[in-house]
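We give structure tokens for two forms of one protein chain below, kept apart as structure 1 and structure 2.
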Structure 1
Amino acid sequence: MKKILAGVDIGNSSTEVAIASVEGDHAEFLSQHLVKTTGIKGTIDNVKGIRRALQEAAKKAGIELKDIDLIRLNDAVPVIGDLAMDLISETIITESSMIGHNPDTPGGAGLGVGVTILINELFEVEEKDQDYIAVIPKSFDYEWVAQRLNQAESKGISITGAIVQKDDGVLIHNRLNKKIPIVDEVALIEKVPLLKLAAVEVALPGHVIRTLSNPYGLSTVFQLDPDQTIQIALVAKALVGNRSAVVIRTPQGEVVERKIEAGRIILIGTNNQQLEVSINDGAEAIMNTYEKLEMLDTLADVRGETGTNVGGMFNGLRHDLAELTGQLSNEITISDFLAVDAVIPTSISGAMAGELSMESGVALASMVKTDKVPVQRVASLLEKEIGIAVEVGGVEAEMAICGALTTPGTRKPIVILDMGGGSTDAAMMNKAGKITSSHLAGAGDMVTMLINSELALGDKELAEKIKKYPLGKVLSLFHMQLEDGTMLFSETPFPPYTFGKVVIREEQDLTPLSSKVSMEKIREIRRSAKRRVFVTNALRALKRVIPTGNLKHLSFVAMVGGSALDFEIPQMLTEELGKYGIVAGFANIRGTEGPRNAVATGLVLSSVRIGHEVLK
């Protein structure tokens, strides 16, 4: 008797369906489909997505929806994750003592030291033997400014540099008889202190400044004593890597790098073990403390010190999760978390030209165990809506392994690493078929968050695209440079809006990025975000499922889940796990599906109990 079976896997970000025709203990897979999960995993909002996926899969299989005899739903693991991020350092410039932005086109090159003076007061100066730095607000035209500077020079007034509000640096420089370094695009020029000793430095294109970014260069320019040199050292540090800079000597002026007291994380074990760690110590210290606790005890909950940033972060998480699960927020206990260092471009307070500094921050992903997610409700609603029998199948990890075992070349014992959007899960099946599993916070969504904030995109969808696809730089309408340096030539012209831009190379489209950040920098941020989340979590997850806790005792790992489809994550992990002598690769479900559809396939197969012998 032939039966048509459908396996449905509701994940955090996608819902997958597999349809198979089952006869006796043989299953023949007809089709599969994937849609975005509608609503939160495990809630009745999912039904809409499931129906659409089933309809599409049925159409692909050439059958009617009503031909399906039984739908098997996964028993979603009742864990839900959430993300938060906060800054732990900030930079402040006091008394407008420094301009360290990078205008596209400063004028001239070299170092000029002198007293700041407004351009229109230039001829009224008293001391003729003094050097001056001209300060030029935007109301003055470049032609007039250049003429004025030339006149001053012929009158014997020595001008050694200029600070300009408009983007006029090169225009002025081209018209000068005596060339001086010019820093332009200083938006808040009215804040520049006048009649103070200042230094202007501009480097040639492709070079960086050398004097003002060196504490001893500054001490030479301003004749500072050792104590003052220590005070000004941070100014030099802030200017490292710039093409142009201005430093103005004011009595109290300095650059302060302040640590924001972000508070402490309190880890609570089941036996009332308590460990504390300060957020300011960084992600590594936090995760080490977590590991220490795990050695003594198991994690029961995590709290943030009340009244601090981290307290706010954890309260926010608790609140979000409480809303999702319908529990009270004090009943929510955090079962796992992952802390990752992040570098976040932030505007400097007190800056005159909109400078950014790369401040450090910590991103947290956390996960809570909730009461059983009401999958049963989803099942009964689905049954009512489409009139087909629905049953809730086995444990997710078991189903995933069952599906993963259809990969050619695998056998028990096997370890799988399921990398999805919200969580990284590992499961191990030993020779006897006994399964252990672990669920950890932090996966694809966290990578997206890191990319979004480290590139200051403010656009989650764009960050998601950057995560998923490789980059290119369109050099002409017919060729582009790819990430690895090779050139791609095209028969048909690229769209005009991509001309000269760094683009995301989606399968069909090119999405131009408007940020000025170079392709190399974006690639580096993307790869480091993936490494920080997935490599860390893969190691953590695997350690938990191995009975000995030693990675060297593992030999085979199959990666499944959406993030295993990524164009570089599997390679990163293969490389990293290779260090432990582990053969790792992404699974190929049923020999055709790649790392997708493991759970849905497992759901179908587990009902006929035929292991991994699949009829094609």
Structure 2
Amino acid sequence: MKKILAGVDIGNSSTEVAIASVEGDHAEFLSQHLVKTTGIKGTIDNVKGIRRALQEAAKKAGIELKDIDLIRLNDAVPVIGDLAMDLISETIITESSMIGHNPDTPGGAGLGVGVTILINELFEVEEKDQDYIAVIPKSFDYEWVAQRLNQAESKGISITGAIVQKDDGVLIHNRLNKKIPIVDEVALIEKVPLLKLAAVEVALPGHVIRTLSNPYGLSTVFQLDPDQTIQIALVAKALVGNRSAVVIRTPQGEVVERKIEAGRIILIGTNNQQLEVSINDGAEAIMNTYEKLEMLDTLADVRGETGTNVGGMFNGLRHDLAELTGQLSNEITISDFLAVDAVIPTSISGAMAGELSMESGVALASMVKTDKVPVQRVASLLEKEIGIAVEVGGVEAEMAICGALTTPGTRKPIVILDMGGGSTDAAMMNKAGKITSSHLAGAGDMVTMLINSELALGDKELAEKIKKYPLGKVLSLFHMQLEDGTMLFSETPFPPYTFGKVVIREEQDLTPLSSKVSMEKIREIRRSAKRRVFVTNALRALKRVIPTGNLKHLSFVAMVGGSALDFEIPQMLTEELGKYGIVAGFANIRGTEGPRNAVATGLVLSSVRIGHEVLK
């Protein structure tokens, strides 16, 4: 007797459905569909998305929703995607002694050293043999300013640079008889200390400053002793890579790098083995401590030191999940986590032009272990709403193996790597059909978070696009430089708003980026984030499913999941796994679907125990 089955794979980012007609040990797949997951994976908010996916898949199959006899859901363990990033250090400037930013159009070029003075007080100076840096608030018009500076020069007053509040640097510079470096767009110009020794440096277009970003350059300009040079080195660090900068020497001014007590992580084993590690030690030390615990015991839970950033993060995570699942927060435990080093752009306390300092930090992704209540609640609610029998199928990684075995050219034994939005899973099936699997925190969502943070975008959707698509730079109406250096010529003109901009090359559209970061830097950050998360987690996951724990004992790995469709990740993993003699490639589920739909397909096939003898 024919039955119609639907497999539903609830993921962190997407929900996939596969519908098949099953008779005995024979299955014919009728359709599949993918929608964005509604709510956090494994919670009742998912029902809305599942219904929509089932309706669309039924429509594609030419059947009614009520014709489906059984729906099988994956055992969806919630992975909290609200990842935490903790600062390890912070730069603070007291007595505001630095301006270092990149206005689009600073004026002139070179280095000027002198005493700061307001433009309207220039003619009142008593020391004619002193060099001056003019400070120009926005109330002064650029033509009047240029005329004033020319008059001062003709009277023998030496002006060696200027600090301007408005975007007038080039306009002033073009009208000067004696050219000087001008830094403009300094928002908080009222914070600039007057009658203090200052240095202004502007580099030529396409170049970066050299003197003020060098601690020894600063010590030369300000005649500092070795102790003072050590202290001001942090100013130089914050100015690296800028086209223009101002440093003002104030006797009581100082720049300090403060270590933030981010807190300690306490790892608890099943046999009450406990290990502690400080967030300040960085991601490598944290993951090494985790590995040490795994050698002695199995991770049972992770806690953060009370009253610290990391303690707040883990407590907040438990609280959120307790609300979602209706459990008590002390019943929820963390079964896995991934820590990666991150660079976090942070506003410098005491800066005058909104400067950012790239501070070191740690990003954490956590997987929360709950009982089967959440997904059972999803199944019960779905069954009640649509009137069709719903059951919870097997573990995701095991279902993914059943689906992956429908790839032409595969057989047992097989190892798969399932890379999604919230978790990276690995599973191994031996010749006897026995499956071992691992389920680890950290995947596509964590990569998006790192890109969003390290490029200071403040826009998760934009970060997601940067992760998914390659870049280009529009050089003219008809040609674009691609990120690999090749030139693309277009028969139709590019949109005017993309001219001169770095763009995200989506399938049907170009999205310009307003950031001043170069295409090369964006590409480097994107690739680094993918390596830190996917390569690290792929190696962790595979080591856990091999009986010997030695990657060299593997010969072939099939990649499945949404992230296996990425334009870079499969190549990165193929390259990394190749070092261990492993052949890696992405699966082609049922010979038609590529790496997508493995779990949904596996949920259908595992219910009828037919291996991968599948009719397309």
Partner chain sequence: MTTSSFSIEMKLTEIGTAVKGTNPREVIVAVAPAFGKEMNKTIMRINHASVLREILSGIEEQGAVPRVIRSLRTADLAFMAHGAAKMSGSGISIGLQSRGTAVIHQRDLDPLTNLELFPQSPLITLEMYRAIGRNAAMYALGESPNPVPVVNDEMARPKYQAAAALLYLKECQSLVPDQKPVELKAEFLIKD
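By rigid core we mean the largest C-alpha set that fits within 1.5 Å across both forms. Model, not experiment: these values are computed from the prediction. For numbering, take structure 1's sequence and count from 1.
Between the two displayed forms of this chain, it is structure 1 that matches the form predicted in complex with the partner chain. For residue 185, a C-alpha deviation below 2 angstroms is recorded between structure 1 and structure 2 after rigid-core alignment. In the core-superposed comparison between structure 1 and structure 2, the C-alpha atom of residue 144 has shifted by less than 2 angstroms.
Comparing the forms between structure 1 and structure 2 on their rigid core, the Cα displacement of residue 292 stays under 2 Å. Superposing the rigid core and comparing between structure 1 and structure 2 gives a CA shift of 4.4 Å at residue 68. Aligning the rigid core leaves the CA of residue 41 displaced by 4.0 Å between structure 1 and structure 2.
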